[in-house]
Each structure stands twice: as C-alpha cells, then as structure tokens.
Ligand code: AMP
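As structure tokens, one chain now follows by itself in the form predicted on its own.
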Amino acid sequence: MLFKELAALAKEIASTSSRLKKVELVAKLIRSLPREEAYKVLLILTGRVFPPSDPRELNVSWNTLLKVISELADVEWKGVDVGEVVENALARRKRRQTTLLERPLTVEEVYSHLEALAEATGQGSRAKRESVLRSLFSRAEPIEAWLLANAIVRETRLGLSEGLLIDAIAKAFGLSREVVERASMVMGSPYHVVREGVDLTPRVFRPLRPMLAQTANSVEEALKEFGRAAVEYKLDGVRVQVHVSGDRVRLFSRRLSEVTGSVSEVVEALKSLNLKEAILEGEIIAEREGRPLPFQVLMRRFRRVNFSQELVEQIPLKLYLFDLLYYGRSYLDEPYLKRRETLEGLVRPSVQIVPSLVTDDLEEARRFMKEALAKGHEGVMVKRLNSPYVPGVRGRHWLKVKEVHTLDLVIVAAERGYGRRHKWYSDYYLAARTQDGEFLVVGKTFKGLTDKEFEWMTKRLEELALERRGKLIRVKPEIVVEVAFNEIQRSPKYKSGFALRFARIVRIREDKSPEEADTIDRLKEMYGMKGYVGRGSAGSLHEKI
C-alpha cells in the first residue's frame, strides 16, 4: 500500500465524527490488506508504531522532529496539531527535486524506517535518528508528513480507540465483537488479532492483559456484595505476570513490558520451581526484615536493568504470587478458589503466596485488614470465590479496599511553579479517561512530590511536550499518578464537570498505562456516594485545558 493512500484515508477518518463511519472505513482497510501489512497500518494510524508488549521506542522528541523539519522548510507554529504544523511547513517549501528512480513511499518502507529509529541506540544514536527522519521527510508529500509526524509523537487524533478497533476487526472478519474483544485481551492487543487471527488460549511468553479490580469503600460493603469471599493482603508493589517454561523465565509488567532483567533474584527463585509451562501472576515488593519498603524505593530498583550487588542488598525484591492463569492448559475460566488451591500446590514453599483468608465473617475480615495495614500494606483485595479470570476487564469480581481513597489519573499539562519551584514543571493538570479514550481534566495539584521527583517529572514532561504556552506545557497523556483527595465537587470550569478538592500526588505509577487510568464514570459513581464526597462548586479552579 502506498503511504500517500493511507494518509488520505487517515484524513477521511479524521474528518468524520460518525463512529459507524470510522468503523466501516477501518474494516474495509483491514479486509483489503494482507494480515502483516494491516497490522502495521493500524499501529501507525493509532500512533503506537509498536504493540504494547514490544519494548522498542522511537525516542524522537518534538525538538528533534522540529530540527529536522526546519532543515527542509520554514516552520510556523500555528495550532496544536504537530502533524498540521509539519504538513504546512512542507507545503510551503520550494518544489523539491526528484529523480526518475525515486519511488513513492510505501507503508512497508515507512514502517522499516520507524523500526530503524527505534534501533538507533548507543553512541551517535541521535545523529542516526536525525538521518532516518531526514530521509523520510525529504521524500514525503505534505499529506504523508502530516500522518508521519503525528504517528511519531503518538498524537494521530483520528478517534481510533481500542473499542473502535475491536468493532472494525469484528466487522472485517465477520466475527462477533465479544470474540474479538476476548481475543484482544488474551493476546495482549487487537493488533495481534489482526496479525495472527483469533486465539482464545493463553500462550507462554505472550503476555495477556491483567484482570482489574473495582473499589469498595469498606470490607463490609465488599462482603455484603459477595457473601463468603477470599480476602487477600493488597501489597503496595509492582504487579507482574510470570511466564515459566522449565528453566526459562520471563516477567512482564501490567503494561505488558518485559521486566525480567530488573529482577534477578526473583528470576532465580522461579527457576527452582521447574514448571513445564505456566503463567502465574503476582506482586513484587521491596522488603526488608519482613516489612515492605515504600513504593518509591521499589521503583529506584525496578527501573534499572544494570545494577550493583550493593543496590540488590539495599533494595531486596520479593515476589508474592496470587493467581494461576495457565498450567499446561488455560485456567482462565476456572473459579478463583480452584486457581488459588492449584497455585498453592505448585509453588510452595519455593515462592511466597499473598496471604489470604476465606470468610463471610465481617469482624474476622476487619481484623485481617487491620493486620495487613499493621504490616505496612495498602489494604485488602476481596475476591468472589467462583469468579473466572477475565483478562483486561475491570469488573466487580475483585474489589480493592484501601484506608485512603485514591484515583489513578493522567497528567495532560503542567505549569512551572513559583519561588523555589520556578525551575520545575510542578503544577500538574490531572485527567480521567472517558469511554472513548479522551482525557478530561478533573483537577490540578502541586502537592506530593519531592524535589528529586519534580526534577524527574520536568525532564519527562519535556520529552512528551506537544505545545508550550508561556509557563504552560501540554503533553502526551503518558504519565499516570496516584492521587489522594478530600472530595469530588461539581465544577463548571472543567469540561469533565468535576473537580477534586485538595488533590495531592501519592506516587508516580510508572507501572501503569494511561489506558488503566480511572474513568469519568468512576468519578460520577464516587460523587454519588453519600457521606464520601461533597456537592459544592469549585469556583476558584483554573480554566479548562
């Protein structure tokens, strides 16, 4: 497929507000291409370039892109769409010289160049990336440059949410939406369904989407809903999916990124299990003398691939398992209690299992939660005994109960602070997710981070920048933070209609993806809970982003 044809289709998709029309256009595109090419096309159109489980990154900042485009044409910043800025710049350049041997760009050729960007590492990598970008954009027509630039900065703005992709794939292949959605969760993404076809069985070393929990305000509320249930410690660590085949072990984060190289002592413990083929799930915490270390301490170790023995001794890691997804066959549809019992028989005593209590006695459950809190954990998970494991779904089979109520939100913009904080982006606009994947601001905060974290956050925001306006920077919605707050209020100042009162960041959640952020629907639900949230007006809030 010619890349110009794909760009023209992308313009058509962008120009329609009809979801049904978008589904129809994408389905027709999928049907018209070989599976491998359709896979790459969807990755480009959605601005991902690589699927969630692929660790490669383009590592191209807006500044790098701007530098290359400025060499080819005069750039005028008008509007906030990076692609339009690049498209307009190349449309104004002098007619470029072409040769008889120069061929139009194809999708395969563009994707090959994007892979080359990701593979440019080490000394001289910046120059290599600039050379690849120069090669691409010097040949690109303005409309091609528009799609290419937006794909590189992951802001294609086509409205192609994952739910829409699932609908389009189902329509393209004549399948039910339920089957395609289930396959997408088990295979890790809808892109894999396009490339490989429907597969509803977990495969070792192919990570699947983790099952997610909803929130209950108390153990009493959870037991009232479930009756007799399992109550587990809720550990404040990094959730991992463990894939084992004999002495081969690989671990994946909840974002499906491989983290095996960061957790050497955990890998060694798992090798001793000598399981033929299994997929397990657990939580890694930093633990010393039987007590968990703070999450921020854990992330100091977890971010690294290269680390010293001294760091291993300072921040020792320990894995606690809590579920079994595959052991020679799929366990996804088995009830929780059977999965737990089978897991216990497989891994004890070599690897620890998250402490659990099965009860319908409220006082016993309360004592268990107090015990978890006293040992330094976050709270408890309450799980329905007959619940299946439903990949990627935030259902009410699992309920988390914590002492302090928090939301996982995404930073979409920031401002430089005042006084001592003037050198950092330290005031953050916090957004919740809509069902269509849009992020709407629900509050702003400058509280909760240390100076070192302000410094890290400023550097990361610069890398994600989409627009700068005075002290304000608008960024790609990538950074997830856990936010505590006093109450939720109605707000006419924000498009979401809600605002958090006294919001403060508890921790940066590098282990979570933006797709895992809490939704506007969750805020609406919490807003309606009596005795928990306020119903005042937030008149002093900043204008909407």
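Numbers for residues come from their place in the sequence shown, where the first is 1. The shown structure was predicted, so the numbers you read here are calculated from the model rather than taken from an experiment.
Heads up, the form predicted in complex with adenosine monophosphate isn't pictured, but that's what we're talking about next.
Asker: If we take heavy atoms and a 4.5 Å cut-off, which stretch out of 464 to 472, 400 to 408, 108 to 116, 181 to 189 is in contact with adenosine monophosphate in the predicted bound form?
Answerer: Careful reading of the contacts points to 400 to 408.
Asker: Using the partner position in the predicted bound form, report whether K67 sits within 4.5 Å of adenosine monophosphate, counting heavy atoms only.
Answerer: It does not: once adenosine monophosphate is placed as it appears in the predicted bound form, K67 has no heavy atom within 4.5 Å of it.
Asker: Is there a heavy atom of K271 lying 4.5 Å or less from a heavy atom of adenosine monophosphate in the predicted bound form?
Answerer: Looking in the predicted bound form, residue contacts with adenosine monophosphate do not include K271, since no heavy atom lies within 4.5 Å.
Asker: Would you check, heavy atoms only and a 4.5 Å threshold, whether K383 touches adenosine monophosphate in the predicted bound form?
Answerer: K383 belongs to the contact set for adenosine monophosphate.
Asker: My question is simply whether K512 lines the interface with adenosine monophosphate in the predicted bound form - judged by any non-hydrogen atom within 4.5 Å.
Answerer: Yes - in the predicted bound form, heavy atoms of K512 and adenosine monophosphate come within 4.5 Å of each other.
Asker: Under a 4.5 angstroms heavy atom criterion, identify the one residue in K234, R433, R129, R339 near adenosine monophosphate in the predicted bound form.
Answerer: After the contact test, the surviving option is K234.
Asker: Which of these residues, R239, K171, R421, R255, gets a heavy atom within 4.5 Å of adenosine monophosphate in the predicted bound form?
Answerer: Exactly one listed residue reaches within 4.5 Å, namely R239.
Asker: Non-hydrogen atoms within 4.5 angstroms of adenosine monophosphate in the predicted bound form: do V412, F439 and E478 all have one?
Answerer: No, because V412, F439 and E478 lack any heavy atom that approaches adenosine monophosphate to within 4.5 Å in the predicted bound form.
Asker: Who in 261 to 289 is close to adenosine monophosphate in the predicted bound form, meaning a heavy atom within 4.5 Å?
Answerer: Only E283 sits within 4.5 Å of the partner.
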